[in-house]
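Next up: a single chain in structure tokens, the form predicted on its own.
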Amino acid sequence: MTDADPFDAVDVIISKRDKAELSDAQIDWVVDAYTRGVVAHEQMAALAMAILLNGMTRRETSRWTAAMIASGDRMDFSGLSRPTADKHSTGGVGDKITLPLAPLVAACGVAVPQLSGRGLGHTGGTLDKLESIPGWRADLSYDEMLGQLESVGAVICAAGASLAPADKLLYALRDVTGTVESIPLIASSVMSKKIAEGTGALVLDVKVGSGAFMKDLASAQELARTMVELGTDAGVSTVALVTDMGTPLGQAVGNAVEVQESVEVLAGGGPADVVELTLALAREMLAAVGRPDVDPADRLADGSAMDVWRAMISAQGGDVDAPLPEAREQHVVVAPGSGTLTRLDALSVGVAAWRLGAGRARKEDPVQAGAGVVLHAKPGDQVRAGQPLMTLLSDDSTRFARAEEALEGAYDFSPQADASTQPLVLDRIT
């Protein structure tokens, strides 16, 4: 604390430790002071733990989010000739929905400024997937973003360092202090970046299940409600879908293989679950900007979504006609018995893809563009003993053994002819 600082970090920590509500002034100061280096990392770590244990009210969480936004710049897309809508997913396995969704919604006359990230652990990153396209670049200036949104209608790129810098500091701290699971801190982390991004409407895809951050429905619903409240309080039209992530989305998990599957969706094909969720989120985004009468399925059918995809990739230097990278080695996992596949665990498949080289353990690790898992059966499908269940892909064949270890106990079979599967969309929160 300096003479100019109105609070002492220890007093703020003690207030939250003793279950008191932090005032607006305390929140504004502590977030700003931490960003400036006045509040030490160990002090913010103590405050984050107190927040994890004692929670925050809606007012505190809204103010905390606003303070994180105020730590950096805000984008402004109000000058565009079309309304803006964005989507955020809390992350999962095989979750390539952003890739077909952004050009699809843009083909319906809405600008989609999609700031995305890279993967860590078993959840894939949108930028990693797109970087498997030869020449494609993630880093765009604000002016390049604006220009592309006006001319093409969609942009998927990296968030600049100037958006909510307080979040970047706090995110890294939470990761090493056991405070990641705090719902107020998760919600404010996501929403500070999304609100600072300046979109007019936001649709959230909150995943639940083994492959998701939230493992149970009640926690996912609480996170979804908290984020919707934060968006609403900030004047952004916000809605959340709670969706199943017990099973991987689609049949491809990795980078280049997920791009290929996304292109299949844009061409009017692709796995039914990927198409279903893409259309569900697109309809929510269109409704949020006052265009509920536009049917996005028509834009998949008539090829206009594919046209936007090609323009979007080309605008960022990507060669849309270049072949995608392929892994040098592959290994087929066969079904150990016959019957109906009743369970395929998303986390296990995600960890297998990670071990094959599709993901990273640390932010600075490289990823293999061609690595991943291609699924040949999903829950509800009939399989015979010896039939290919999935194909493992990697540039390094020595990775196959550890990937297979991750898949031990990942699937179940039943002799029954059919098996009920859980719906993809479990709840809608406004």
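Residue indices: 1-based, along the sequence shown. What you see is a predicted model; the values in this text were computed from it and never measured.
What comes next is about the form predicted in complex with a further copy of the same chain, which is not displayed.
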Select, from the options 35-43, 391-399, 359-367, 372-380, the stretch whose residues sit within 4.5 angstroms of a further copy of the same chain in the predicted bound form by heavy atom distance.
35-43
Answer for Asp76 alone: is it within 4.5 Å of a further copy of the same chain in the predicted bound form, judged on heavy atom distances?
no
Is there a non-hydrogen atom of Val176 within 4.5 angstroms of a non-hydrogen atom of a further copy of the same chain in the predicted bound form?
yes
Just checking whether Ala50 would be counted as a contact of a further copy of the same chain in the predicted bound form - the rule being heavy atoms within 4.5 angstroms.
yes
If you check in the predicted bound form, is Ile13 within 4.5 Å of a further copy of the same chain, heavy atoms only?
yes
Given a further copy of the same chain in the predicted bound form, answer whether the residues Arg118, Asp139 and Gln316 all have a heavy atom inside 4.5 Å of it.
no
Picking from Asp298, Asp143, Glu181, Asp216, the single residue whose non-hydrogen atoms come within 4.5 angstroms of a further copy of the same chain in the predicted bound form is Glu181
